[in-house]
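First comes one chain, alone, set out as structure tokens in the form predicted alone.
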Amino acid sequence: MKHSFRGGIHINEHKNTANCPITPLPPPKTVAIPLSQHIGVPCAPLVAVGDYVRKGQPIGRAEGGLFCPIHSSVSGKVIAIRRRQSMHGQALTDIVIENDGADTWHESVLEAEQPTDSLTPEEIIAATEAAGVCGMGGASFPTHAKIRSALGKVDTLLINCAECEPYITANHRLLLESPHDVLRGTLLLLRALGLSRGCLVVEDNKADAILLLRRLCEEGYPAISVEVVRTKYPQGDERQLIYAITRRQLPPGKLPADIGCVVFNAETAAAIYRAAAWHKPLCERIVTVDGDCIREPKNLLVPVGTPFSALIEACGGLCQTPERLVAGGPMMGFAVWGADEPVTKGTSAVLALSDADTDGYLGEHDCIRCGRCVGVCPMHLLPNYIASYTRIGDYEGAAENGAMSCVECGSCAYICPAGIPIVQFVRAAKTVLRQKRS
């Protein structure tokens, strides 16, 4: 049985790299590691200019509050601690490290894999926190805090393997090449949460991964099942995933744990296992590099802090000048200022798109009241009303029509024949409403 949800859209998948194995990126000359790569308090530097650091060494930490520690992704010398503007327009701090090419691991990282069968829930959470693991599906919420907040509240664990955004195949390749890491990470999550069963949720466009995972579960992971969902965007949103599998609806303003569910990304599950078995921190990740301006699209294993330019160079460079360079998927990702933007823990893709690959946007026209945006909204909102109220500055009107419940998936803007940038109106409304309520 293939599960799904009401609403959403079917779009060209562009999964051009589905058959491209994960390739380690050639060592970058320098990395610029942001001290804020998670939801919560930015970290403060633990090192100074001139210090020598090893790969996996903690280099950033906050004194309190919600945060993830930051680790060096290379060994080498700290050559700068600089302030810059992020792609979201926020000021943040980078630690710039000159790579010595030795790839020397910090002494805290184990040389041999350790058994994890006897770890207690608290030890699993502590290992996850020490490794700086955060949500790798894009949200970047600190994983240790997510596990802790779900203790005693949930009866259902879902591992999100949907990967519904166009182009991105990082999770798909992970499932094919390192399935045991994902499955063992899932077992650790089950133990931490006190649950007996969990399931991996995969879209039906990944038939090879589904067959492999089901065989492995039958052979050695009886506590884990594989559920198949229809390929549809935004199937990977946790609200839609939960509804598709459990038929439970997440009320506005509530967390999945409030309805007995918790969802983790596949790559996050693998990172939890590596943190527990190897004490390996999250300092590198898989990134899909694609788009019609990329000469040789690939899936790369990339040290955090590597500039996008190094990824593009590793893929043969550009074959034409891109109209837009995007961090993440084309639906929910963000256009960046330039190719010097660094990879973070939440960077799943780097896309270089031409005007043709961005559908040749012709500008905004008047709304024709067709209702398509309403029909595809997975949150069952009235996107046209939210945009209209925001346009005239009536932000409370936008709120009354559900602006704060919007997940910003972009389905409405994608389907709109008038080219109205509905998501941008929603984001503008949210910004003003948060400022008023803070």
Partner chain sequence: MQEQLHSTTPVALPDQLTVAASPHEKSRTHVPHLMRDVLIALMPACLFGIFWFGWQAALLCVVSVTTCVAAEYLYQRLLHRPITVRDGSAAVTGLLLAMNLPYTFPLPMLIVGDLFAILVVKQLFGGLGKNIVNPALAARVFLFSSFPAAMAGFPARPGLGSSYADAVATATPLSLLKEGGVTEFSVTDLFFGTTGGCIGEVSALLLLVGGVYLLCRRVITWHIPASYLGTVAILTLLFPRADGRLESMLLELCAGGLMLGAFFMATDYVTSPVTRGGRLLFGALCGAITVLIRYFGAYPEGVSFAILIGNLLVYYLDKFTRPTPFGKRRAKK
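Positions refer to the first chain, counted from 1. Here the structure is a predicted model, which means the values were calculated and not measured.
The same protein also exists as the form predicted in complex with the partner chain; that form is not shown, yet it is the one meant from here on.
Only one segment in the set 188 to 196, 322 to 330, 216 to 224, 173 to 181 has residues whose heavy atoms sit within 4.5 Å of the partner chain in the predicted complex; it is 322 to 330. In the predicted complex, no residue of the candidate spot (Pro27, Leu46 and Glu98) has a heavy atom lying within 4.5 Å of the partner chain.
Checked against the partner chain in the predicted complex, the residues Gly60, Pro378, Pro34, Gly56 give one hit for a heavy atom within 4.5 Å, which is Pro378. A heavy atom within 4.5 Å of the partner chain in the predicted complex is found for one listed residue only; from Ala339, Val228, Ala130, Ala145, this is Ala339. Put simply, Lys153 is far from the partner chain in the predicted complex: not one heavy atom of it is within 4.5 Å. Cys370 belongs to the set of residues with a heavy atom inside 4.5 Å of the partner chain in the predicted complex. Contact check for Gln249: a heavy atom falls within 4.5 Å of the partner chain in the predicted complex. Under a 4.5 angstroms non-hydrogen atom cutoff, the partner chain in the predicted complex has Ala356 among its neighbouring residues. Using a 4.5 Å cut-off on any heavy atom, none of the residues of 169 to 185 reaches the partner chain in the predicted complex.
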